[in-house]
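So this one's two forms of a single chain, laid out as structure tokens and tagged structure 1 and structure 2.
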Structure 1
Amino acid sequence: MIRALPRDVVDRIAAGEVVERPASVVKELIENALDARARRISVSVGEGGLGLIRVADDGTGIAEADLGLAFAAHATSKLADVGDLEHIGSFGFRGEALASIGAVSRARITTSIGTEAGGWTLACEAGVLLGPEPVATTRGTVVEIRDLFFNTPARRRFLGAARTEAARCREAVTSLALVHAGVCFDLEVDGHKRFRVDGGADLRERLAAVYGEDFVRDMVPLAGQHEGISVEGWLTLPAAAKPRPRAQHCFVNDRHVKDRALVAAVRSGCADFLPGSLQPAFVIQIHLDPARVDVNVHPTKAEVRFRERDEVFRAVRRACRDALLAANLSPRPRAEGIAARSMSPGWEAGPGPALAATGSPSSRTLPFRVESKPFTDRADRVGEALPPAVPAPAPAPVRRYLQVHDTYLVHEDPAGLVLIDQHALHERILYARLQDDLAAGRLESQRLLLPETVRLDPSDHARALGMQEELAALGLVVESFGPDTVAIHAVPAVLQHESVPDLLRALLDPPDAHGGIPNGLDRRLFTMACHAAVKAGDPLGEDEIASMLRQGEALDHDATCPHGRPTRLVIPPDELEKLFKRSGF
């Protein structure tokens, strides 16, 4: 038998869609305050939001004539007809939030529009209205929610501990506090002030207020325009990325949304700079014509659909990439984070690892051209500051580049002392060159005097023959030589000294851990670059080091290898002075 459900059952079902947990209530009430043009919003949370949620604002308030509909389902001041759904500019519009909250709590609204008559208060307990009654109060609205889910105990059992739910409430407040310049936010949890964001603060200042100055110091601003889509915000530098995501916020027309495609666009923009296992932090604000985005997707209004999804993706990706290209990506260690070996009590002087003498010719032929320009030392003189009576010593030869452990390159720069991972930098150079050569159709191959045969398991054999054209474009010419064997007739020129079987297997199944490089062909190019690059332990001559640095500077960026690892570290002069106790102590 089909029958209509009782109203209280309908209300509780609807509440389950809108009010998932206390943080959902906090979000809805703050958005109502923002729609009321509030300039100050204070939030109090007790017992994880189950005992108390209180949101007070100084907005326009609710008139007495409208207050009776405040807890009514599908009653709203933000829509008039179906046409308004095409260009929604407010946060709320469905008229469900207060009705759903009132159905599963003991709620009270105290409000005034600022007249001399004062204001009114209206209570709602499990959907039953009590009031309204006149009350003395100032302009604005205060909404108090107590005993959330008291009449739906099953919902309470699926919530986290009070501390966990309080943290989620805080995240709801911080996410909305970030982008609303001109609005002051206060948060109190169990009677303790947690943070305050002043109304006049810009986005950077708001980030610092919420997450701390150290967090913001490792971020760069981003901005861009594309096809009527504006993108701005802040993005962490690759060196500050973490294994777990923290502070990943996307806003569409100031609405906080959860959209996997937008997160993917940010990661795509960071793909060339960030190891695949690490997560960037970001705050991305997207502004576009409301008619180009559908926010009426889910009762929580946290999901949206874009009419031109690909254009939004490209706009976000380009803004993130441009921001990183314009930034100084070299990690800058601080003195307090560097352990000075000489400060260790048990340290004694000894021979230690040898430093490579970089002036001697290299024992390895590198796959990049060494430029033979003469290199000029600085004309520094050690004794210039001595009194005239003391003869100045002869000019000391200055070594501009140094190789440490045949792995790291050291040189001076106006920014400070630069330490370079030679393999990582050379990987980046070769990867960029291989990409250009492939696009121009000039990727060189080396014919073998005699074909080399390689036995493969059946699946790899079939895959090698199915990829003959793609492998040939990379310079690896493969032909069938029996049911489980292939013959290699040519190899990429940059890898002519590599083991042919190992090279074939590496290109058939390139590792997945190549930063954010998703394309199979690009991953194979990176595998080639990785195999061809100088390795840790390869001694380099000074001319070779200088050539490598020049080639890196000619790229659009050389701060990270294709893995996303940094190619260099920079220790600024002021940090060196702290390390040697010349200042800052």
Structure 2
Amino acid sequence: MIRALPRDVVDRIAAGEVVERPASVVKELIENALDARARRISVSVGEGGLGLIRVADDGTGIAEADLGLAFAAHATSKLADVGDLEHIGSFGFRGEALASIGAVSRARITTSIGTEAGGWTLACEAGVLLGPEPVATTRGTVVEIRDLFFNTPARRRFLGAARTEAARCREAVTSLALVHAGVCFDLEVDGHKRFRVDGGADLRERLAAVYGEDFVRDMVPLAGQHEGISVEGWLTLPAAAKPRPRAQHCFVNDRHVKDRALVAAVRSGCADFLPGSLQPAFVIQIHLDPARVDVNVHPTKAEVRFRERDEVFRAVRRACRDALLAANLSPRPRAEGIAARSMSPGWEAGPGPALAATGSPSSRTLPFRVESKPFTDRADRVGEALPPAVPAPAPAPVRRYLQVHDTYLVHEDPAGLVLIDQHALHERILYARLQDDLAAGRLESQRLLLPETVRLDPSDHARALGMQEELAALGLVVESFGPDTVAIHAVPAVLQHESVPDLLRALLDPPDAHGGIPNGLDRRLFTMACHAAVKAGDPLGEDEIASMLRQGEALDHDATCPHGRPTRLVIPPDELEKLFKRSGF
């Protein structure tokens, strides 16, 4: 027998879509507060949000007449007709949130529109309304959710431990607090104050308030415009990146979104600065015409769909890249780092679960840190590389080069003692040249007298033929030669001493084998540069070293190899003095 589901069951099922876990409740309630134009939002979470979630704001409040509808499905004050869906400027619009939450908890709203009449309070337990009753309160709304999921034990079983859920709640508050300049946020977890973001704080100050000053010190600002898409934010320097993402926040028109493509775009912008195994921390704010983005994709509104996905990708990628190019990326070993600096915890590093895992900024754990770079530094170095025909104010210092373990190069320059990884630097030089050659259509290809046949498994065979054009642009001319074989008619001239089958297979590797660097052609240039570069263990002559350093200096960016490993470490004279305890004598 088929029968319509009772109303309360329907509500509970629907609730599952919006109210996945305590953090989603926190997010919905804060967004409601923001929609009510709150200037101040206080959040308390108890027992991982399962015991208590309390969001208090000083917003417009709800009038008594509307209060009865607050817990009704698809009741919203924010959307009147379908046309409005095209230009969604508010956060809540589906009218689902409170109804869903009310169906699976013991909820209470206390609100006042600030008139002399005072306020009203309305309770809702598992969807059953109690009230409203008059109450004395100030302007604004307080929503208290207790015993979340008390009537859906199955959902409760899927949740993590209280500390995990509390960390997620914290992340939800963080992401909203970062982006809403002008609004003051504070967060309490189990009665302990976690952070407070002042209303007047800018993004950098907000990051510092939430993650700590040390964390922000390792970040660079980014900003860019591309095709009407504006990108702003902060990005960690590669040297401070971590194997697990600590903070990756994307906002589209001030809405927090989880979009893998945006994360990939950031990674792609960092691609040749950052090892594939490490994750950058970042906050990216994207602003574009609301008509160019569809936010009505997912009940939690965490996913968005861009009308011109590639343009957004490019805008983000370029902004990140430009930010890193403008920064000085050579890690500098620091005397303090080496001498195990003591930490300065404060309440920020308290027992909060999120912090326990990730709360240690890079400069505490790594002996190296990146310092922001004065622009003159670059200019000086380029100037030096010029032939002495250019009149120099002072005689250029004599350069001496030393190769250590057939792997590292040592030399001095005005910035200090420079240690270079020969493979990484050569890889970077070749990569830059290959990029230039590719862009100029000059990537040379050695034709083969005897086409080389390579047997491939069926998926590689299909991929090779699908990539024919891309491979040809790289100098590898591949044609089908039977069902499981390809014939190679030309190879990249720069790699002609490589084993052709190995090269082909390396170029066919799916992108995720390299840390998700999405741009296929570029990544293949990495592979080629890596294969062609001098290896660790190759002895080099002084001329070769000098030529390599000169070529490196001529590049826009030679601080990291294409895989993001640093090419050089610079120990400035004052650090040497500290290390040798010379300073102060």
Partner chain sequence: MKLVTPRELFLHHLQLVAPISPVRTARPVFKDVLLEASPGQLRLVTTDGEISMTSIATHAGISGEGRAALPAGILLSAVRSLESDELTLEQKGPFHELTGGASSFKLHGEDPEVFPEIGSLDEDGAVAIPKTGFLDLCARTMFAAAKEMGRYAFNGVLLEIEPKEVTLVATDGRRLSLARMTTETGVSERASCILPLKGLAQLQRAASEGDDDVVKVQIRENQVLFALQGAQILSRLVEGEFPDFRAVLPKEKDAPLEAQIDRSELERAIRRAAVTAGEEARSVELSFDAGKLKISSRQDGLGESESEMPVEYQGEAVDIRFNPEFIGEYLKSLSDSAVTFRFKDRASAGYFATSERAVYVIMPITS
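Throughout, residue numbering runs from 1 along the sequence of structure 1. A quick note: this is a predicted structure, and the numbers were derived from the prediction, not measured. Note that the rigid core is defined as the largest set of C-alphas that superpose within 1.5 Å between two forms.
- The form predicted together with its partner chain is structure 2, not structure 1.
- With a cut-off of 2 Å and the rigid core superposed, Thr60 has a Cα displacement that falls short of the cut-off between structures 1 and 2.
- Annotation: Cα of Gly541 displaced by at least 2 Å between structures 1 and 2, core superposition.
- Comparing the forms between structures 1 and 2, the C-alpha position of Ala490 differs by 2 angstroms or more, with the core used for superposition.
- Here the two forms are laid over each other by their core, and the C-alpha of Leu434 is off by 3.5 Å between structures 1 and 2.
- For Met467, the Cα shift between structures 1 and 2 is 10.6 Å when the rigid core is held fixed in the overlay.
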